[in-house]
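Let's start with one chain on its own, the form predicted alone, as structure tokens.
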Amino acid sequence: MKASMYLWWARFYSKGKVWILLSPALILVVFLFLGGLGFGIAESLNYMPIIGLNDPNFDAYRAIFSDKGFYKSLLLTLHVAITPTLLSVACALAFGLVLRQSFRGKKVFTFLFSFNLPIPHVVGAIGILFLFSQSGFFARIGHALGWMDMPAEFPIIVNDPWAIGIIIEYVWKETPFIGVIVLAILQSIGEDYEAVAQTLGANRWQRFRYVLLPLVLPGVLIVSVAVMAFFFGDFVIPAILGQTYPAVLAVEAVKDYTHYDLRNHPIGVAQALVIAAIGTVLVFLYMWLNRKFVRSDG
């Protein structure tokens, strides 16, 4: 009996060794994720017995989708997520193509390009605030040089309706991150493909468009999806550099959840769940467009 049980356990362990070793971490992650998600869904449905809400309903979601401000915040959030992602990818491709070449001062240029990788986003946001606000460094320099009568005449770049300050910070921070990946892909590709295309008569643009770009884009698109998802759900940078109204969805969700009235908590949680759902849809749409157009075209 003991021998048969030992053999059964040995077979079970050999087949599921990896899952057995990972089970403590998996149980913790699943418990925290599903537990937090379940609690959040219950709270968004106004089910919080601790404060006397015992009848689940969709009042929080009705309040969100009937509010015109929600749609303004959604459009702003999409702008803040998509625009800097596209700009960061374009800048990363440009810098990657430059840095793969050999030239004098390449090490210095590479250092300057990537020095902000370890700098937190919040530090960059504070720097943008000090530099580009209407009472910031450039506004005061412009006033000192006589370019404007008052620093307040400096163009509104921070806390502006078009989220220019947010986009500047995102592009500044994420371009090196994507650029490092682009450079790694370009170095792994080498120059053989381009050399073959050149012998067939392809010019520089054709070599980039039909040789390098299809090889680089799959890897770049994967990392850009992660970057876009981060932008879509980020709270800190829009809270520092964004306007008060309309604010991005993450800021609005935090405002409602931290409201002194606990009855606003379901609205905040519901907004957070809507953000997660829309972000997931955007990621799947992004990947679908990648498979349909980018890879098939390549």
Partner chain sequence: MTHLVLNELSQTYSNTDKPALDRLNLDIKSGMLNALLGPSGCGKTTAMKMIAGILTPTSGDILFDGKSVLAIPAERRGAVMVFQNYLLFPYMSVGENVGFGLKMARMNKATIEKKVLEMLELVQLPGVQNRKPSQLSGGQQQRIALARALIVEPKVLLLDEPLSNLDAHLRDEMRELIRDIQRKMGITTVFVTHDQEEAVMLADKIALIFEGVLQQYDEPDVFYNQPGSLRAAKFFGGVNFLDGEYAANQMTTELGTFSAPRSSLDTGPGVLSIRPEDIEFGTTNDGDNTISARVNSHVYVGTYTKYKIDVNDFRFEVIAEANTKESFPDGSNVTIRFPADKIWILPKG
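Since the structure is predicted, the reported quantities are computational estimates derived from the model, not experimental observations. Positions refer to the first chain, counted from 1.
What comes next is about the form predicted together with the partner chain, which does not appear here.
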* Indicate whether the partner chain has at least one heavy atom within 4.5 Å of a heavy atom of residue 193 in the predicted bound form. => yes
* Does at least one non-hydrogen atom of residue 155 fall within 4.5 angstroms of the partner chain in the predicted bound form? -> no
* Asked: Is residue 210 close enough to touch the partner chain in the predicted bound form, meaning at least one heavy atom pair within 4.5 Å?
  -> yes
* To do: Report whether the minimum heavy atom distance between residue 90 and the partner chain in the predicted bound form is within 4.5 Å.
  => no
* Looking at the partner chain in the predicted bound form, do all three of 60, 63 and 73 come within 4.5 Å of it through at least one heavy atom? -> no
* Which one of 197, 186, 164, 78 is close to the partner chain in the predicted bound form, taking close to mean a heavy atom within 4.5 Å? -> 197
* To do: Just give me the residues of 198-216, first to last, that have a heavy atom within 4.5 Å of the partner chain in the predicted bound form.
  => 198, 199, 200, 201, 202, 203, 204, 206, 207, 210, 211, 214, 215
